[in-house]
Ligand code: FUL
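Next comes just one chain, in structure tokens: the form predicted alone.
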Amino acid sequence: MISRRSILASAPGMLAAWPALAASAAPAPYGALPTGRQLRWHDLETTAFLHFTVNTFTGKEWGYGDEDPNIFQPAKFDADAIIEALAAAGMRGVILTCKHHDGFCLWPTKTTDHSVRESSWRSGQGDAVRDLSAAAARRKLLFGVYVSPWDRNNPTYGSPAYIDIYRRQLTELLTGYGPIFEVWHDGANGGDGFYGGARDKRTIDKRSYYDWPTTWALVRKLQPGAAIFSDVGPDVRWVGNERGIAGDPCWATYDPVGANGGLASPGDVRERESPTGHRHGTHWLPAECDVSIRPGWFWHQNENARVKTPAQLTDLYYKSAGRGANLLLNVPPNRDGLLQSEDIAALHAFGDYRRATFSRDLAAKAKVTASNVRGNAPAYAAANLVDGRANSFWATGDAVLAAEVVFDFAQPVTFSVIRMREQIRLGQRIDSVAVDRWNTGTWEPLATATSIGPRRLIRLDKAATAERLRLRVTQASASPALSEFAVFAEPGDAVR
């Protein structure tokens, strides 16, 4: 948790971002606060997953670990084409399954023979991690790594020796491929496997075997800007399902508990609490919503006709990113080493929808008045809600927990999406809001919402027209500090 003193002590950096704070008393931060790496992660909103390994060629979802490395033969592999399709969908980052449970490594690691180095693909000189990280950098997408802690190939899995191997693999990835924005740890831990020919079952104590604090300290040392994902964070939590849907509400604060009520760890968490988080949790631990564009996580030819439609992707966007989480959409390359044409078509349409919808904020020129402004200071004026700047915000006096803001458009505007953002550097302060429209001389209820946090999108059932809107903060745990209120019109051909 970050204190108010630590925020103000960050001058001149923080005061440079919020110049008005030097002259006016800022609201005291409330509750758990995001770190710098978490703030950068929140800004991404949508990222892509690439599940790609020997499973792509065997047709399995979980490889056993006994695969011949030569089966990995993506003859037309084109990292730039893959990244270009993801960028067209508006993805801002991409995470690659550098090693899945089968233990096959997509880079020429020195830790195992179960890797591309032992494959005849590109004469043993191939490196899918290198190519995709470089392509992402060229397209200005951030790059992240998934490294399964379970390894069904390695003969030492289950012993202390494997933990050293796992950390050496992480070290290779975190030192040889440029900046990493996220390190992703799956919760699958132990079971049947090849294990170097032993073909047995390895059971581990997932609460202690991996010694996660030491591994996370290694990540912090090698890639201090990287967010670490697992069921329990420490930076980003799993949303608790693989359907890509956050809870409503979805609080950014969360105190994970083990399935049996004890200490939580990756693979051992009370999943029913993960979608919503905890309103007054002591850790800033936002949710990431992972989901595949297909029924499976790896490419299977018989699923080419079962790709999610643009309308389904759009609905997932509103139920994940629209609830303050981030959407992590899996788009698996096929056996050629390319994205399937059906997947690309859905991605492009999804990107076109978002660009068409969010390119113009219809509230940007509204006249804005509030029932209360903190100290009547311009630094906290209601007009800050529509100025397009992330670091400005409207705030009320400390004792004011319910307030309203009126937006006068001067002429009727038609819209179907409302977007709000809190100034989360000061914590998640607002519990619930309502939006009303002025209609024939009276205020008419239009929409309500609970958690706001880094982002809240309200998609109306049908388009509404209004000359004036009213935002009411109906409940708050601390004086509101809201940085944005925006309204948008979906394209006329949008399909729900």
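For clarity, every value in this text was computed on a predicted model and none was experimentally measured. In case it trips you up, residue 1 is the first one in the sequence shown, and so on.
Below, we refer to the form predicted in complex with this ligand, which is not included among the displayed structures.
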With this ligand left out of view, which of E242, D336, D248, E342 would have a heavy atom within 4.5 Å of it in the predicted bound form?
E242
As a check of understanding, the residue in A188, L222, V400, A81 with any heavy atom within 4.5 Å of this ligand in the predicted bound form should be identified as A188
Exercise: H51 in contact with this ligand in the predicted bound form, heavy atom 4.5 Å:
yes
Within a 4.5 Å heavy atom cut-off, is Y162 in contact with this ligand in the predicted bound form?
no
Please check if H101 has a heavy atom lying within 4.5 Å of any heavy atom of this ligand in the predicted bound form.
yes
Under a 4.5 Å heavy atom criterion, is Y210 part of the interface with this ligand in the predicted bound form?
no
Which one, 128 to 136, 290 to 298, 71 to 79, 354 to 362, holds residues whose non-hydrogen atoms are within 4.5 Å of this ligand in the predicted bound form?
290 to 298
Assess the spot marked by W62, Y146 and W184: is this ligand within 4.5 Å of a heavy atom from every one of these residues in the predicted bound form?
yes
